[in-house]
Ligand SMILES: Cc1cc2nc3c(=O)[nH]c(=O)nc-3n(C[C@H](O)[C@H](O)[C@H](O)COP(=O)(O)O)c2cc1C
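Shown next as structure tokens: one chain only, the form predicted on its own.
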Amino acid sequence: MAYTRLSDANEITERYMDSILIEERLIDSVKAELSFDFLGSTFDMPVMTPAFSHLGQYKGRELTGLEEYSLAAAKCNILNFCGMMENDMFKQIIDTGAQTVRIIKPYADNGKIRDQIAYAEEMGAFGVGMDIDHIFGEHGYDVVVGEKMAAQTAEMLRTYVEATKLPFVIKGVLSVSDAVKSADIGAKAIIVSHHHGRLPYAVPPMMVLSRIREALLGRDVGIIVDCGIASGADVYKAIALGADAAAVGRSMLPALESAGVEGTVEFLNRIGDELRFIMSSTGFASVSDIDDTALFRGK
């Protein structure tokens, strides 16, 4: 885009996340348990992979980066996400054995959306969803790798939700308004995200989490947060502020590029280990116990 400060939303997000401090509570605390239930399945930790697209082969390795991080997700028993791709690539992701949610772009070609939803269900995907924060681009509607995007009304999204038996996830929610609309049309989960700062001066996802959680109380909608998640502390803060889980993003890439599956497994486990340490050190024995009472917002 022509805008000259594309990093501002990411810098604001990082500063906000780092301003949140954690109170220690050690007496009567026990070693924490990371496993948690999400959309009817149990995972080993509330850490998820990002919905990446277009990752090729690193360092001449046989598999693409998409397949490598999916294999890592399977090894760690965490929920996996993937982004824009054709059906043949999606089959390769499913073949890794990872429980995967396919996030589909808001294509102008409505038939392509429906075909990819149907294919995901046929292949045994865990879920399917749409990346609504790629609707708009620099000159109006976005164009991604030559594919034109289009506006998506609530009623259009509802037809996608009703077109599949899979849980439907809406990615790119950054307001109470969109969160409530997502629940109203039957989405089973949302990803609170500004997509690595696509919107200039976007509000940090963690800043709106509490409001979104309050607005969705009793609606049975899972809440995931991403943008800037790079540590167990980040995941802890996200859950304390209202998320059920957090997805890493670009923080995963160095480990993925340098060491493939095993490097990514090590990275993900390191985040889980830090999350367990912080939970144990703040008196929360399970993920479902975590609340915001041990958080201090800095000035």
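This one's a predicted model, so the numbers in the text were calculated from it and none came from an experiment. Counting begins at 1, following the sequence as shown.
There is another form of the same protein, the form predicted in complex with the ligand; it is not shown, and what comes next is about it.
Q: Which residue, V169, L174, A98, C227, is the contact with the ligand in the predicted complex, using a 4.5 Å heavy atom cutoff?
A: Result of the distance check: C227.
Q: With the ligand left out of view, choose which of R213, K188, H195, K181 has a non-hydrogen atom within 4.5 angstroms of it in the predicted complex.
A: In short, H195.
Q: Choose from 268-276, 255-263, 38-46, 242-250 the stretch whose residues reach within 4.5 Å of the ligand in the predicted complex, heavy atoms counted.
A: This holds for exactly one stretch, 242-250.
Q: Give a yes/no on whether S281 approaches the ligand to within 4.5 Å in the predicted complex, heavy atoms considered.
A: No, S281 stays farther than 4.5 Å from the ligand in the predicted complex.
Q: Quick check on P204: any heavy atom within 4.5 Å of the ligand in the predicted complex?
A: Result no; P204 lies far from the ligand in the predicted complex.
Q: How about L55: is it within 4.5 Å of the ligand in the predicted complex, going by heavy atoms?
A: Because a heavy atom of L55 falls inside 4.5 Å of the ligand in the predicted complex, the answer is yes.
Q: Please run the contact check for G83 against the ligand in the predicted complex: heavy atoms, 4.5 angstroms, yes or no?
A: So G83 counts as contacting the ligand.
Q: Could you run down 120-145 and flag each residue that has a heavy atom within 4.5 Å of the ligand in the predicted complex?
A: Contacting residue: only D131.
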